[in-house]
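Take a look at this single chain in structure tokens; it is the form predicted alone.
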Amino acid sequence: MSRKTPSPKSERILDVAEELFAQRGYDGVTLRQIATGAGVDVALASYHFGKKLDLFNAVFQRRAVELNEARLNALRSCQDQSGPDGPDVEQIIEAFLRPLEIAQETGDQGWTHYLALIAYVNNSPYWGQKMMSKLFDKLVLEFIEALRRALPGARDEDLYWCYHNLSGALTLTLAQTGRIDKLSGGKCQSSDFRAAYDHMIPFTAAGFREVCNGGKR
């Protein structure tokens, strides 16, 4: 079902759905709970978005275009600034990750909920196949191609396995489970996004270089 023209009420429905889906997952939320949280009738939620699955899809798609554009712009910027040799592995990974940090640091709880929802979907064998590929594969493949140029001689399977590991670390960061807070005795905070990406960028770049040992940079 195609989405109707946005209105304050439809945006409120999306906001509440985004928060509840991020907190409880798809099966832990009913359309009635979303409507109640948004202060509207179930019939109005159904009018704007159809069934719960349609609303789930609308929530997941809403911020994807903006997020993809920010990451692609970051990649294009580092490519333009790096000269004929192109960006190195760290610069490419930074372009992939920093827009997420910027979104998380806006103070907009909607982004916090949305990125937690991405973590939920990406970690699900059911939803991951249905939703991540449709919205994010084109972007991810652009980054993998940039990494392929930065690591000449790397085998494709090694690049994809390294991305798999990067995606796993990113998913845990987006989920903000609080695991690292407890494990470190408070020395690390899952809400400290700058620290998370400051560590993830060199760590994963070193992993790409070690595994994709055909790279010269």
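Note that the structure is predicted; figures quoted are calculated from it, not measured. All residue numbers refer to positions in the sequence shown, first residue = 1.
In what follows, reference is made to the form predicted together with the DNA, a form of this protein that is not presented.
Checking 59-67, 181-189, 41-49, 154-162 against the DNA in the predicted complex, the stretch whose residues place heavy atoms within 4.5 Å of it is 41-49. In the predicted complex, at least one heavy atom of Thr30 sits within 4.5 Å of a heavy atom of the DNA. The DNA in the predicted complex is approached by Lys9, whose closest heavy atom lies within 4.5 angstroms of it.
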